[in-house]
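Two separate entries follow, structure 1 and structure 2, each one form of the same protein chain as structure tokens.
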Structure 1
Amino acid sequence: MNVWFSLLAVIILVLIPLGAVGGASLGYLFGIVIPYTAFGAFLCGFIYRVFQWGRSPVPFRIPTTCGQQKSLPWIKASFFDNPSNGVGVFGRMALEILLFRSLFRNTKVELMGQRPVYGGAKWLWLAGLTFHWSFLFVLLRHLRFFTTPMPSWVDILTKMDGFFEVGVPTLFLTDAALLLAVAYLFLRRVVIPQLRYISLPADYFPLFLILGVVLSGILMRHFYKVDLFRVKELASGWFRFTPVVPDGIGLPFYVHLFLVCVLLAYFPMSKLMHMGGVFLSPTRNLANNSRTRRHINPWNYPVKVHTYEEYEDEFRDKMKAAGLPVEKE
């Protein structure tokens, strides 16, 4: 049910610009107003969410340590997995964010003759990594629409991406990789029973949405060609804050753009915020040094304790009888 609901939602989202721009030529709304609004929502929403997390303090040091602590000098400490200083933390975070290190550890449990066995399970890691990296590359490639002159690294990137020169225009490797990864991430959600069980519309929806964005992008590049000069005209207009909507960009472009706008606006209120959150996670971004350095809990407050005096008052006779020293005779 959750799958169908999300699919339906995305289909409607595709139909909206098709109907509106196609039927009523609402280029101004879809080419200017909605993109600005979506981008604004993304920016403000993102900042607000990070600010909201940042407002809650981290009262205790609770890093998950995945390796040997730093203790005696002759015991080799695990520098990244159990960092004792800022450099280690930086390394740990970099490995986590760039290489998805925790996911790399993934295992899969299976019952074999009533015994659990743990096998490697790297597919999720591979798909996740592929998905995120290709997404980033695709995004960077898009810079060529926004910049004049185009920085040379964007050009190099684009050339590399089309290295194999399959088809005309060249099929980008990252497009293909992104498509495959999204498909895998979606399929595992519907095929693996436990995963299907935990999946909410909020899990399928972004997948379909991204799928829609990628497909409309590919369609636009390879099948229903749009006029790239006009696209560039529009895109660079946004940045100079003097946008004009050139005629005849073509409908597929508006579908693509609208889906991107929905994605942007949806981003801050969804689980996609893990992009910002991963940097703030206290189990990962703290050094394991709470025995070396005192950390302050900003809301620490006095609590009721059972003092030694009260204790001795209750047990004094018994302590004396047992020959244990007491404070008061």
Structure 2
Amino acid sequence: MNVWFSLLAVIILVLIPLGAVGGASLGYLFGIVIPYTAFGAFLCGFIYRVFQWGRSPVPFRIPTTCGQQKSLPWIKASFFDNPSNGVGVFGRMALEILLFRSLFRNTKVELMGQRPVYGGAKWLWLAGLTFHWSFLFVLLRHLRFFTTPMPSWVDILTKMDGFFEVGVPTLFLTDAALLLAVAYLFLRRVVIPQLRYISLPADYFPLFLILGVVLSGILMRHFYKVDLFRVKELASGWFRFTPVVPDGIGLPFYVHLFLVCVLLAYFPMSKLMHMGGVFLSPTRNLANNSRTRRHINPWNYPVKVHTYEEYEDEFRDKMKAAGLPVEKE
């Protein structure tokens, strides 16, 4: 049910620009107003979520550890798994962000008869790595639509991406890799019963949405051609804040653009915000140096105490009258 609900939502999103631009000629709305609104929602929402996370107090060191903590000199410490300084934390964060190290070390357990069997989950790591790196390359390639003149490194990246020159126009490797990775992540949720049981529309919807963005982009490049010069004219106008919607830009472009806008607006309120959250995770970005450095709880406030000397000064006469010993006569 969650799958069909999410799929239906994305299909409706595809139909909206088809009817609005193709039938009602609302090109200005879908070419200028909605992109600006979506980008504003993405920017404000992203900053708000990061600001909220940044305000969360972390009074103590709670790093995730997978190795020996630094302690006595003759005990070998784990530099990346249990870092005790900033260099180790930087290395752990770099390995986590660039190579998904924790996902690589992830394991799964299955029942083989009555016997639990532990194994790796490397396909998930490979699909996740392929998905994120391909998405990044696709985004960087799109800079050719927003920059004039186009940076040379974007041209080099584009040529590397189409190195095998398969088909005309060339099929980019990252397009195919991104499509396969998203398909794997979706099928994994549908095929594995345990994952299907815990999956919600919030898990399926971003996958369908990204799949729609990728498919519309591939269809637009290879089957339903659009005028790329007019696309670049519109994209350049966004950054100069003088956008003009050219005529004859092609209806598939509006479908692709609208899905991208929905993805941008949906991003800050979805699980996709792990892109920003990974940098603010105290279990990852804190050094485990609790044994070498005292960390004061920032919530500590001055506590008014009543010392014994003050107590005795206040009740000395009564204490002496009751026969209790006192320190001062």
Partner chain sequence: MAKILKPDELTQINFEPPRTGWMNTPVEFRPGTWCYSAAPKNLKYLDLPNPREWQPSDADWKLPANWKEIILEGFKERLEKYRSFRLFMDICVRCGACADKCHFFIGSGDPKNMPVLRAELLRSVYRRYFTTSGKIMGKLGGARELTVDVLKEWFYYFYQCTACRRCSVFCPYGIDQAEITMIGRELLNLVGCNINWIIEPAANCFRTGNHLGLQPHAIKDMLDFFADDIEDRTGIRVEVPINKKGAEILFVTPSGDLFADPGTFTCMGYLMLFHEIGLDYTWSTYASEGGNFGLFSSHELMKRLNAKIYDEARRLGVKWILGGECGHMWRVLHQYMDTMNGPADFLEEPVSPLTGTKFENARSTKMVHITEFTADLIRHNQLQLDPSRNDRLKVTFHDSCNPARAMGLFEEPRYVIKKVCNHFYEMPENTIREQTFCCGGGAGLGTDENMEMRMRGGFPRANAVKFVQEKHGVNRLACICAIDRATLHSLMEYWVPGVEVTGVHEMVANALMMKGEKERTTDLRGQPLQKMEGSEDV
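Along the sequence of structure 1, residues get numbers from 1 upward. Keep in mind that what you see is a predicted model, and the values were worked out from it rather than measured. We call the rigid core the largest set of C-alpha positions that still match within 1.5 Å between the two forms.
Exercise. Decide which single structure shows the form predicted on its own, answering 1 or 2.
Key: Answer 2, the form predicted on its own.
Quiz item: Rigid parts compared between the two structures: residue 151 grouped with residue 102?
Solution: Residue 151, residue 102: same rigid body.
Quiz item: How big is the turn of the smaller rigid part relative to the larger between the two structures, in degrees?
Solution: Turning angle of the smaller rigid part: 71 degrees.
Quiz item: Supposing the core is put in the same place in both forms, how far has the CA of residue 74 shifted between the two structures, in Å?
Solution: Rounded to one decimal, the shift is 2.8 Å.
Quiz item: In Å, how large is the C-alpha displacement of residue 321 between the two structures after the rigid core is aligned?
Solution: So the C-alpha of this residue moves 29.1 Å.
Quiz item: Aligning on the rigid core, what is the distance the CA of residue 113 moves between the two structures, in angstrom?
Solution: The alpha-carbon displacement, core-superposed, is 4.5 Å.
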